[in-house]
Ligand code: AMP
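Below you will find one chain, with nothing else, as structure tokens; this is the form predicted on its own, and questions on how it binds or moves follow later.
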């Protein structure tokens, strides 16, 4: 059975796309820690990030770098945090989170509640 991320990539489940190429897909986390919190996933369905072949993993990091640069340009923040947890969904993924302090990356904190309109605005802004 396809993971939720594979279903998002193929368009079966809607998402707020940030970037895409032939191998990777980036979209807004619907339970964000901050506006612009983005998930980067390979289109190849592999459970654990360190089980990816070297070419896919290195390509994913380069793709994530481009997305992080766009986040930094468009979202007011000091840095873009990179987090790999990998337990929530059995599909390798990287969290990119705009931050102003280390405490901004606390997954125990309540998540933001954003309207569909706000998600769409952020998605469109990041694709410019």
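Positions refer to the first chain, counted from 1. In this text the structure is predicted, and so the values were computed from the model without any measurement.
This protein has a second form, the form predicted together with adenosine monophosphate (AMP), left out of what is shown; the following refers to that one.
Here the marked residues 39, 85 and 88 all reach adenosine monophosphate (AMP) in the predicted bound form, each with a heavy atom within 4.5 angstroms.
The closest heavy atom approach of residue 60 to adenosine monophosphate (AMP) in the predicted bound form falls outside 4.5 Å.
Among heavy atoms of residue 80, none comes within 4.5 Å of adenosine monophosphate (AMP) in the predicted bound form.
A residue is said to contact a partner when one of its heavy atoms sits within 4.5 Å of a partner heavy atom; residue 4 meets this definition for adenosine monophosphate (AMP) in the predicted bound form. Proximity of residue 30 to adenosine monophosphate (AMP) in the predicted bound form falls within the 4.5 Å heavy atom cutoff.
Considering adenosine monophosphate (AMP) in the predicted bound form, the lone stretch of 48-56, 98-106, 30-38, 62-70 in range is 30-38 [heavy atom distance within 4.5 Å].
Along 54-79, no residue reaches a heavy atom to within 4.5 Å of adenosine monophosphate (AMP) in the predicted bound form.
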